[in-house]
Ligand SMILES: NC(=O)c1ccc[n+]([C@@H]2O[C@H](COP(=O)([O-])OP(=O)(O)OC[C@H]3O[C@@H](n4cnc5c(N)ncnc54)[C@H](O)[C@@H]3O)[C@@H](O)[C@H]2O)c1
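First comes one chain, alone, set out as structure tokens in the form predicted alone.
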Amino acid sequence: MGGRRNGSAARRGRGGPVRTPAGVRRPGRGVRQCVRGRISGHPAREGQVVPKYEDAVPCQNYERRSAVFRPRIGIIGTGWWATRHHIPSLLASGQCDVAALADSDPQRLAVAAQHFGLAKTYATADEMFAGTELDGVIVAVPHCDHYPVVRTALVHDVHVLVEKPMTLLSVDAWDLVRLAGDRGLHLLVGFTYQYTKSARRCRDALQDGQIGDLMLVSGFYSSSAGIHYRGAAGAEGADAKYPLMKPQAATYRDPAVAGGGQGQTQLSHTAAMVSWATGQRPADVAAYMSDCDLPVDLVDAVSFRLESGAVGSVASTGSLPEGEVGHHELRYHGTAGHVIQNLRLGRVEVHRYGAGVEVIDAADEGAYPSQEPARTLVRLILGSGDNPAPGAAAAHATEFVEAAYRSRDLGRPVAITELDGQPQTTRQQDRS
């Protein structure tokens, strides 16, 4: 990976540090705030510094902030999601510059560049890092390529938003978490439901003990994602939904590329929300799955135990006809109350026994604010806001999904400690 280095390391020699503007926190020499110990029950290897589970990473580039600084963002992968959501969101924000596009498909790359009026295009991420100075990248490539592309970006000292699932293997997910922490970089994952005010309120209620000790989690997610597994999402008549790019069939229906079907595409959202909202890591997972004559799973049912001892079950199906309204709900039951989280509507109900009910509806951002992940990346680079979908929480979701597929294949429950590269621990420690 030759060429120019990106991020703060590339700029420190150019005229010295820039004064930090008023109102921007500066954590002293740009060192990432870390703690020694556990990531929500995931212990650090001896002597290793690991990131706090729930906190945003203070940006390492504070020393060069100025009132006119505009982060330079690269897009790796110009498929239907990036061109429909991420790029328009960045261009409309007025807070950054979309500096370059990279995609291995020359036709797709040319269409995206022309449509958005962007001049710099590259066939690979390596070429983009060598040819353009960047502060952050959005990685929206097929699932199997997430790990190598994100790792390349982090090695080049660039902040990263990666689409979900974070990686297909938990050992790779934790490697990215450690690498981002070591280099003081933001690592966000595109679990869009977590970028809402109602999701934050759900998380606060659970982690502040407002419903007592968590005992049970139950969830259900239905969607029409099966159209992707059948390779029919880009069929004739889909132009209204996919005006610029159509989904590539292999991205969702080829097990070697997608890593699975409903588990990777939809159930990963549920797993990520449970991990992030509860602050807990799964301990054991048992799954049944049915592919219904498709090359990947269409219907999943998963039971699990969290490290606190709470148990749960979630089910998901992608079998709805396109256009049919799906459901996405989680319920958390504690010793002193329960929380009902309707993710499709962005609505949360906090029931405290003997103390009434608090209802939080979707705010202006909506129930599924697809513009927020990209804009959150920019805000974090600028030194404001928090990270609602941090790498550590996403790594727990990767553990959950990986263990579910392994359980299906082995026909028995799988402990998270059985996964490659995972240390032997089963109990959660302090969130801090």
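Each residue number is its position in the shown sequence, starting from 1. What you see is a predicted model; the values in this text were computed from it and never measured.
Here the subject shifts to the form predicted in complex with the named molecule, a form of this protein not shown in this document.
Engineer: Though the named molecule is not shown, can you say which of A140, M289, L185, L134 has a heavy atom within 4.5 Å of it in the predicted bound form?
Structural biologist: Contact with the named molecule in the predicted bound form is made by A140 alone.
Engineer: Could you spot which one of A102, V285, A233, L154 gets a heavy atom to within 4.5 Å of the named molecule in the predicted bound form?
Structural biologist: It is A102.
Engineer: Using heavy atoms and a 4.5 Å cut-off, decide whether G77, W81 and T192 all contact the named molecule in the predicted bound form.
Structural biologist: Heavy-atom distance to the named molecule in the predicted bound form: all three under 4.5 Å.
Engineer: Picking from 104 to 112, 211 to 219, 345 to 353, 318 to 326, which part of the chain touches the named molecule in the predicted bound form when contact means heavy atoms within 4.5 Å?
Structural biologist: Stretch with heavy atoms near the partner: 104 to 112.
Engineer: T251 versus the named molecule, in the predicted bound form: is there a non-hydrogen atom within 4.5 Å?
Structural biologist: T251 belongs to the contact set for the named molecule.
Engineer: Any of the heavy atoms of Y368 lying within 4.5 Å of the named molecule in the predicted bound form?
Structural biologist: Y368: yes, in contact with the named molecule in the predicted bound form.
Engineer: Residue-level contact is defined here as any heavy atom of the residue lying within 4.5 Å of the named molecule in the predicted bound form; does P255 satisfy this criterion?
Structural biologist: Because no heavy atom of P255 falls inside 4.5 Å of the named molecule in the predicted bound form, the answer is no.
Engineer: Check D172 for me: does it contact the named molecule in the predicted bound form (non-hydrogen atoms, 4.5 angstroms)?
Structural biologist: Taking the distances in the predicted bound form, the answer for D172 is no, it never comes within 4.5 Å of the named molecule.
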